[in-house]
Ligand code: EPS
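Only one chain is shown below, in structure tokens, and it's the form predicted alone.
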Amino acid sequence: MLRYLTAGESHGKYLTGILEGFPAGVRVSPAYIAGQLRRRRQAPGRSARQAVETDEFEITAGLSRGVTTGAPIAVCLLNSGRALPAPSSLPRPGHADLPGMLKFGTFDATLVRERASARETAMRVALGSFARRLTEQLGIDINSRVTALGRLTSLNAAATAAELLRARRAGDTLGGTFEVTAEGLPAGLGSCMHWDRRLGPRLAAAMLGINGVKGFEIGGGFGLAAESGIRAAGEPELSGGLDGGITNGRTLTLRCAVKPVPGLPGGAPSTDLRTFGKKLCVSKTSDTTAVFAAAVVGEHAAALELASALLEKFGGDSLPEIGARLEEWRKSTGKILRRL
């Protein structure tokens, strides 16, 4: 299985990540990782702050001549153009500030928000790029799309730009929904034997762990509650590619709901924890929406969990080993699935 850890603060010098358990023989170029980071950084709705970020990074372990070695992978990502914020006892509504200040016994909200910041997801994309390359080289395609921006569900470039401009001019922010799909997954990933080995809960934890995600569903999701058993049984795609916590060979479909960015340019009412005076908490650097960037993060969060499930099922210390076992498995299960 794969394990990963990230460290670092939003305004610290670096973000650091370590990915352990990754196989040897996977070709991953720095240009590929840079491209994935760029997708997150340049997603629609981002703040002007992203213009000063370069996401410059260095792979310090686990990669030799563009190919993974089987050793733990270490990535160091530079935070550029960021001045350390002054201490503040004014928590931002809707953020981790207040519960974090209570939890850690501090009056300084910046100590909480520095680590709770969505800036950390840049490292999840960097590490997830390795998992994404593994799945690609095993014939699995992971993609995402935004399905709603606020109340707007018919999205195109013009409509999206107009809605973002409207919200920005109003000093408002927007939420939305996004969908992640994985095509080419073999049947048999995950397990039905124990709750924590089911792939559904594992994917849910990965996706709900993305900043701002407040809802998650697989396939038909909450809509299945209103369907009859006859219709649900007659449309297997409603399962979203998982039955009993195990992939069934169909397209995996995950959906997430992202809340509006709580940092408001016009300010949100808050209470200073030192003086208990009422104040407006104003954000000048928040995104107008996070849903487009969250969709990119979602691809990489899902890729990390799916890559881990692939390694659990097929084992192997190198890509050739894993690929050969997966190909043999696809041949044997394909004979059955093609007849269904």
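Nothing here was measured: the structure is a model prediction, and the numbers come from that model. Sequential numbering from 1, following the sequence displayed.
What follows is about the form predicted together with the ligand, which we do not show.
Have a look at R92, R124, R255, R132 for me and say which one sits with a heavy atom within 4.5 Å of the ligand in the predicted bound form.
Partner contact (heavy atom, 4.5 Å) among the options: R92.
Which of these residues, T147, Q137, S239, S117, gets a heavy atom within 4.5 Å of the ligand in the predicted bound form?
After the contact test, the surviving option is S117.
Candidate stretches 63-71, 307-315, 280-288, 267-275 - the one whose heavy atoms come within 4.5 Å of the ligand in the predicted bound form
Within 4.5 Å of the partner lies stretch 280-288.
Do H11 and the ligand share at least one heavy atom pair within 4.5 Å in the predicted bound form?
Yes, contact at 4.5 Å.
Taking 4.5 angstroms as the cut-off for heavy atoms, does S47 touch the ligand in the predicted bound form?
Heavy-atom contact with the ligand at 4.5 Å: present for S47.
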